[in-house]
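Below sits a lone chain in structure tokens, taken as the form predicted alone.
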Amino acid sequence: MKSWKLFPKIEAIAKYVECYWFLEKESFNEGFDFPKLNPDPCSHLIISGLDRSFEYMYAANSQTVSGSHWIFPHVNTFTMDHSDLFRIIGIKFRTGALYSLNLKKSIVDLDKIEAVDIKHLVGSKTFSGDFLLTNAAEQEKQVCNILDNVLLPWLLESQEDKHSDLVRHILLLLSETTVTDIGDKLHRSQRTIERSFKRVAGLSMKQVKAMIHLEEMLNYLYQLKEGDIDWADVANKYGFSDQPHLIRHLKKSIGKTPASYAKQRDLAIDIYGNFEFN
């Protein structure tokens, strides 16, 4: 398995893009073929060859796309069919970024996978996903520089308004501040910040805060072996009132109890690692 994760170098891009990432499953990689993708408030633009199909499933819902595609914010945990070999580049957009990028209709497409023509999206006739994919494993910095240059003209056409500006300030506070205190800190009414956040992110602040904490907790658990996990300590560390509260949260978020998850370790982070920044 080959993987990397890098930050964009240009400030105007970093305003909307959190990171670029790469993942390749090679012929000698053996492991779980159906990893699960936990809920995420961010959108990911996946660059892939047209010859590769991807299936995303949750409950009785199944979505299949070929080639490059969007993974829009999702409140459900997707099961992905990764049984075949693949090579993909991902562009992780910040929460609510699509609101300012002429893709406002997409912020309401929760749990949606959608094929995309990247040349048309970014307005570049010379964009070559195949070139990036061929060189991504060994020339990650060059690939990221190309992505910066391709995305910049599109992102410079972004349209900010009072709602997107307010949400950017909310996101800076959301992880470490209770939802009910954010309005006071920003000198806005609770109704105002809730409405702006829903308008821009397509999710409530409570939903996004829960996803952020889930991601932090999964990153923490990834570092521990099953026998080293103290669930009472985990519940306390991540702000749950008690272990039953944690159990209910995990069952709702990823469909598993803590004990079941610790045994199976079938989320994407468990299968592919934590994608350390290069």
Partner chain sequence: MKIRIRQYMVSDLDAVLNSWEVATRLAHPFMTDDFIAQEKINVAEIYMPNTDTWVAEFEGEVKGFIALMGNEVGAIFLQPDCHGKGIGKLLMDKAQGLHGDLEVEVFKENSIGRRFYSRYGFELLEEKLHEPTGQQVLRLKFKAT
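The model shown is predicted, which means the values in this text are computed figures rather than measured ones. Numbering follows the first chain given and starts at 1.
Below: the form predicted in complex with the partner chain, not depicted.
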item	value
Region of this chain that lies against the partner chain in the predicted bound form, out of 120-128, 158-166, 182-190, 78-86 [heavy atom, 4.5 Å]	120-128
Site test, 55, 61 and 66 vs the partner chain in the predicted bound form, non-hydrogen atom cutoff 4.5 Å	no
Sole residue of 115, 146, 173, 152 within 4.5 Å of the partner chain in the predicted bound form, by heavy atom	146
Heavy atom within 4.5 Å of the partner chain in the predicted bound form - residue from 135, 178, 204, 102	135
The partner chain contact at residue 263 in the predicted bound form, heavy atom, 4.5 Å	no
Contact of residue 5 with the partner chain in the predicted bound form (heavy atom, 4.5 Å)	no
Interface membership of residue 195, the partner chain in the predicted bound form, 4.5 Å heavy atom rule	no
Stretch 56-77 - residues with a heavy atom within 4.5 Å of the partner chain in the predicted bound form	none
